[in-house]
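The chain below stands alone, shown as structure tokens; this is the form predicted alone.
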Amino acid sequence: MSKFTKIAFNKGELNTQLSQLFSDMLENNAVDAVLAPMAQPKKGVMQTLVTSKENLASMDPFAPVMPVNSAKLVSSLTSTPSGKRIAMVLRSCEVRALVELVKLKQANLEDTLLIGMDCHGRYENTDFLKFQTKEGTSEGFLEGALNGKTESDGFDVAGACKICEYPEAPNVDIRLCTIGSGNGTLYLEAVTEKGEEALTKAGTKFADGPGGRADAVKKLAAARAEARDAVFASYREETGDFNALDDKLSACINCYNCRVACPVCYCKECVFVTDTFRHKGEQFINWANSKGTLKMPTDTSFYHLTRITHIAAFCVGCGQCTSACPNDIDVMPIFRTSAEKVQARFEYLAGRSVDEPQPLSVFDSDELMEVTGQVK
């Protein structure tokens, strides 16, 4: 049973209150370090690893930006255990990607305190800088988002966020709850015994939780799921054959940024940067001769199709692939629409549970009966 702590804050005090909370965690040895979004000295907000409470003043976890899916950072911090307890403030898509990396033996949760924050979406990195230039604040964004308004001066949250049906982070020890909490109020939810112990050490007192939270979360998730289904239907209609999909990807230059940004694209060496795809000049001429023309670089659509087969079972829809594209190709729907079909086929949901085996990682004698031809 979850336990809650209520934090009321005046305008401009949210980050101060959160900084104090994590300072208390460090001071009382609840954790040894904190990984959380921090305002940088000039502009921008980036995940920052902090080990001294004096450096927590610039904490800004609800800033509407996510320069990188932090599951990749957690992988770096935990793949070889340090023995240090780290509190990690993550969005839902980051937690779900991390769950998949744990199952792929790319990360370890043994010394982590996972703290999920309610996610109202993020701006693209360049849009967030515009938001900052216009003196936008995390509190201002939160207040607008809680009233259904996330747009700011001609830009809005990323397309992936608008169709993310997981505003509440799963599989965490503590949640920073804003949905259903009301303006000027934040609730800390101790989800696990580990989370309750950490908050108790930090000196927090438990009380009743926000009464309308469950319904508010359900309503927001349903609205996003409806938007998701509309996007999926439209995208599938627009890419009904290979030529249509090829047109969507026509601006691809094989920079592989989407692969690097993807939190679950975990291979240490990708086949596309090996000699397999370093073709000889004669081969290019032969391909050109066959049709009289050859768009270069080659293998662009094949690259994306290969990525689909690789990560469809693990995709969490964070949208970092689209954000990373230098030519503004919206590749996120390609992976999300494919992932929906693949995950449904295996009755699997990426990031749902650390204990749920990934498709194709185990053998089930009753799996895909119509394909194997087995008879019960």
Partner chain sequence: MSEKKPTGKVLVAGAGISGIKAAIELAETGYQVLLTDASTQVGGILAKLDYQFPTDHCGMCRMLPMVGREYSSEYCMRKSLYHENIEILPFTEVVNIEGDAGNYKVELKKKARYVNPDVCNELGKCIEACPVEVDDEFNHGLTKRKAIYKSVPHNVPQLLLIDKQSCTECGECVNVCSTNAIDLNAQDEVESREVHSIILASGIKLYNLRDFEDAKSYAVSPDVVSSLAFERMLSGTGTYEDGMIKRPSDGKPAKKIAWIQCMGSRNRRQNRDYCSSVCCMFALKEAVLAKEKGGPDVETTIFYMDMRTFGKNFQRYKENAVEEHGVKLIRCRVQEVIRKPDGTLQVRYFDPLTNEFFFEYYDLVVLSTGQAPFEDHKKWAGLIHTDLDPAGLLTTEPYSKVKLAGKDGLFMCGSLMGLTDISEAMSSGIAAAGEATNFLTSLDVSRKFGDDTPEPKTNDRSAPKVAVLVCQCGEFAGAEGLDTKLLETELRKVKDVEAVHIVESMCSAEGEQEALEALKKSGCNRLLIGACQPYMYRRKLKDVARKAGFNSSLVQVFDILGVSRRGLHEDDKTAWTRRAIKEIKSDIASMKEKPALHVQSQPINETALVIGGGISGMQSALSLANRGIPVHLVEKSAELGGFAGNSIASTIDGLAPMEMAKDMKLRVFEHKKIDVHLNAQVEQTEGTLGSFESKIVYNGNGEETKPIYLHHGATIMATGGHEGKTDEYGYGQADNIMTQFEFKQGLESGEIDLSETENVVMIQCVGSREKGKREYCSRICCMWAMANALKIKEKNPDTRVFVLYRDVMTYGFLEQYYTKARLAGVIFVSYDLENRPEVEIVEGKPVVKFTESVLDRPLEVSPEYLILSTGVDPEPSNKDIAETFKVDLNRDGFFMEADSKWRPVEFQQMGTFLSGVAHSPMPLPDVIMQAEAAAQKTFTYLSGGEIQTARVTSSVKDALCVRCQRCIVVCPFEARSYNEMEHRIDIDPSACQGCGMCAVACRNNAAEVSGWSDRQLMSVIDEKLSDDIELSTT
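Residue numbers count along the first chain shown, from 1. If you superpose the two forms and keep the largest set of C-alpha atoms that fall within 1.5 Å, you have the rigid core. Since we're looking at a predicted model, the values are computed, not measured.
The same protein also has a form predicted together with the partner chain, omitted here; what follows describes it.
For the three marked residues, E27, Q47 and K84, no heavy atom of any sits within 4.5 Å of the partner chain in the model of the complex.
Taking the partner from elsewhere, V271 is found to have a heavy atom lying within 4.5 Å of the partner chain in the model of the complex. Not displayed here, the partner chain is approached by Y266 to within 4.5 Å at the level of heavy atoms in the model of the complex.
For H310, a non-hydrogen atom is located within 4.5 Å of the partner chain in the model of the complex, even though that partner is not displayed. When the partner chain is considered in the model of the complex, L104 lines it closely, a heavy atom lying within 4.5 Å. Checked against the partner chain in the model of the complex, the candidates E110, D275, E135, E151 yield a single residue with a heavy atom inside 4.5 Å, and that residue is D275. With the partner omitted here, the stretch from 111-119, 136-144, 188-196, 286-294 that lies within 4.5 Å of the partner chain by heavy atoms in the model of the complex is 286-294. Shown without its partner, the chain has T80 as the single residue in segment 61-87 with a non-hydrogen atom within 4.5 angstroms of the partner chain in the model of the complex.
With the core held fixed between this form and the one not shown, L294 has its Cα displaced by at least 2 Å.
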